[in-house]
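What follows is one chain in C-alpha cells, specifically the form predicted on its own.
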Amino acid sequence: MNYRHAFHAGNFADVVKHLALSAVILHLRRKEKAFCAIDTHAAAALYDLEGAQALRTGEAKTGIGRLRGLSGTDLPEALAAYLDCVRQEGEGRYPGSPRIAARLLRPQDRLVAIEKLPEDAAALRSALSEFRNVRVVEGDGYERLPGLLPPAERRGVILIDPPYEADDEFERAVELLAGAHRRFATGIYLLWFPIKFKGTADAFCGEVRTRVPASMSRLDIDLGRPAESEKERLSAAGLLVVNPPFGFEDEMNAATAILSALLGRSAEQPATIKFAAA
C-alpha cells in the first residue's frame, strides 16, 4: 500500500478523517483548560490541488471538490468548522491535518507535528510558520511519539496516520497506539487505516481492541465496487477513535448523512459511511 499524502489530498478519506479531527478538537475546546494535539505523520500540511501529484490521481475532484458548495448556518458544527478551514486556504489548495488543527487551536493550546521526510518536514515548517504554539519535529513518528506522552496539559488528541507503505505498517501502528495509550490513557486517539480487504481491516481492528483497553468507535467509509479501471485506487478506509468524546458518534452521523450522497460514485451509488463494531 502506498498512501503518500500529496497524491490523495482532499479525497474521500481525507474529508471524513479531517471532519472527525475537527469534531474532536471542537469537543476539547468546550473546556477552558488547554490541550495538546499531536500529528505523528504530518507530511507537508498544505497541498496544491492543481499540482502534478494531485492531478495524477484526480481524487480531490470527487472528494473535497464536491463539498465546495456546502454552506449555511444549518450545517453540523464540525462540518462547518472543517469547511471553513478549507475555504481559508483559497481556491485550489487543501490543508492537511496539522494545518486544520492549527487553525482550530486557541491561544492556550498547542500542536506538535512530526514528519520523517526532510523535504516534507521543510514544507511543514513553512506551512505552519504563521501559527503560534506549534512545534515541528523532524523525525520518525513511531519513535518520537512515546517521548511526547503524556503531554503537560494532560488533555489532547493524537492523530496516527501512517502511509502504510511498509509490509509491517499495520503491526507497527497497533504497537504505537498500544504503547501511547499506556503512557496517556485519557487521550483521544484517531487511527486512520486503508481498507483493501475487509478481513484484514477487521483483524487489524480486533488486534487494537485486544491491545488497548478503552472505549472505541470505528467509522468506515466505502465508495462501493470500483470500475475496472479504478481497481488499484483506494475505495474504502476506516478510522478508529479511542476514547471518543461524548456525543461524537451523533455529531459524525449528522455530518456524514450529508456527505454520503456527495462522496458516492453517483446519485444511485452513494458512499456508505457508518460506525461499525471495532
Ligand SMILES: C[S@@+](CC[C@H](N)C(=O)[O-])C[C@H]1O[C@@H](n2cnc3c(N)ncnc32)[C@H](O)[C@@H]1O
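Numbers follow the displayed sequence, beginning with 1. All figures in this text were calculated on a predicted structure; none of them were measured in a lab.
Note that the form predicted in complex with the ligand isn't included here; everything after this is about it.
Asks: Report the residue, out of 195, 149, 117, 75, that has at least one non-hydrogen atom within 4.5 angstroms of the ligand in the predicted complex.
Replies: Spelling it out, the residue with a heavy atom inside the cut-off is 117.
Asks: Does residue 37 reach the ligand in the predicted complex if we count a contact as any heavy atom within 4.5 Å?
Replies: Because no heavy atom of residue 37 falls inside 4.5 Å of the ligand in the predicted complex, the answer is no.
Asks: Residue 162 near the ligand in the predicted complex, any heavy atom under 4.5 Å?
Replies: Contact check for residue 162: yes, within 4.5 Å of the ligand in the predicted complex.
Asks: Is there any non-hydrogen atom of residue 139 lying within 4.5 Å of the ligand in the predicted complex?
Replies: Answer yes; at least one heavy atom of residue 139 falls within 4.5 Å of the ligand in the predicted complex.
Asks: Hey, in the predicted complex, is residue 96 touching the ligand, heavy atoms inside 4.5 Å?
Replies: Yes, residue 96 sits close enough to the ligand in the predicted complex that at least one of its heavy atoms falls within 4.5 Å.
Asks: Which is the contacting stretch out of 246 to 254, 39 to 47, 53 to 61, 212 to 220, given heavy atoms within 4.5 Å of the ligand in the predicted complex?
Replies: Of the options given, it is 39 to 47.
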